[in-house]
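Read the single chain below, which is given as structure tokens and is the form predicted on its own.
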Amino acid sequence: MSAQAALCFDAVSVKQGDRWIVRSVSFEIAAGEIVALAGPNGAGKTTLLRVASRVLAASEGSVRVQGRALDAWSRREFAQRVAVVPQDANIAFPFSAAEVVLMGRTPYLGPMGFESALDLEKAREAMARVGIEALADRSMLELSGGERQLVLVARALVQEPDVLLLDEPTAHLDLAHRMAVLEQVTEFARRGGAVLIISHDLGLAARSCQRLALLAGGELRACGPPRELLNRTILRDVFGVDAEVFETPDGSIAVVARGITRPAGSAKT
């Protein structure tokens, strides 16, 4: 494992009670790279993302950001380096969408905690980039699941991190907003950011990422370019499905499941 990778998982294991949720997972993401983490439900994908975001501690192994262990960063430093887009945020107070996006600037505020004109402008720009300027004054409690997800994406972008962690960021989005988010993720990586994105949409992952990391049963089954990994043998092993993989007219990859062969992830390579 490279000490200078933007994000590095080194033999990470997570145990809850007497059950191992994740076992000895190792892979890394370079600056400028997008890696999609995929696998069946319960494979350990969100657990790994929670470890990387310091919400959950690894039982064994370690995660490093830019060569430094997670606990070597202060909370403020870490928030300036790593931004997280969860599947949904439990926001019980009626903050407006603009207020939630502006929270992404918190790691940069001075001792008095007041936002500057620059912070406000960055928040407006982030909302415009994902197409939610019209939601600025709306309460988060009034928004749909997809609209809330776009607010969380804008909040992460305005944080200006080096590493972006996304858990199913397009799951509730319509086609236009899904493309807007993926364009922003791609642009973030183009500017040198590192991205880890959890996705159940293998075709979408193949279109937007350089590598896939496939989990099943808490273990890393394969990691590599989508065109190498998306084949019937690996899909049968990891997802327990018989699937067809073919190239679309625009050169991207599509995966169509034909039937279930066994419980996902039950076989090991």
Partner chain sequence: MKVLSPARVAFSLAMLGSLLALALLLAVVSGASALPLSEVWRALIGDDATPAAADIVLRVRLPRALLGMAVGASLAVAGVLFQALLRNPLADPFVLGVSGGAALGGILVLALGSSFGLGYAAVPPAAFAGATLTTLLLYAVAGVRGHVSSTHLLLTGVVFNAFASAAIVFLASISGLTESSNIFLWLIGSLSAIRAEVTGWVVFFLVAGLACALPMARGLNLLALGEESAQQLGIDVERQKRLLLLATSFMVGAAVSVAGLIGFVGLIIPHLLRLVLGPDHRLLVPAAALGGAVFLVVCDTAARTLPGGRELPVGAITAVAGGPLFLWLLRRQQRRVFAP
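These numbers come from a predicted model, not from an experiment. Residue numbers count along the first chain shown, from 1.
What comes next is about the form predicted in complex with its partner chain, which is not displayed.
K.L.:
Name the single residue among 173, 102, 130, 189 that comes within 4.5 Å of its partner chain in the predicted bound form, judging by heavy atoms.
P.N.:
Of the candidates 173, 102, 130, 189, 102 is the one lying within 4.5 Å of its partner chain in the predicted bound form.
K.L.:
Are 75, 92 and 141 jointly within 4.5 Å of its partner chain in the predicted bound form, each by at least one heavy atom?
P.N.:
Spot residues vs its partner chain: full contact, yes.
K.L.:
With the partner removed from view, which of 54-62, 197-205, 34-42, 222-230 is the stretch that lies within 4.5 Å of its partner chain in the predicted bound form, judged by heavy atom distances?
P.N.:
Among the listed stretches, the partner-contacting one is 54-62.
K.L.:
Can you check whether residue 178 is within 4.5 Å of its partner chain in the predicted bound form, heavy atom basis?
P.N.:
Answer no; every heavy atom of residue 178 is more than 4.5 Å from its partner chain in the predicted bound form.
K.L.:
Does at least one non-hydrogen atom of residue 150 fall within 4.5 angstroms of its partner chain in the predicted bound form?
P.N.:
It does not: once its partner chain is placed as it appears in the predicted bound form, residue 150 has no heavy atom within 4.5 Å of it.
K.L.:
My question is simply whether residue 145 lines the interface with its partner chain in the predicted bound form - judged by any non-hydrogen atom within 4.5 Å.
P.N.:
Output for residue 145 is no: heavy atoms all beyond 4.5 Å of its partner chain.
K.L.:
Report yes if any heavy atom of residue 184 sits within 4.5 Å of a heavy atom of its partner chain in the predicted bound form; otherwise report no.
P.N.:
Residue-level check for residue 184: no, no contact with its partner chain.
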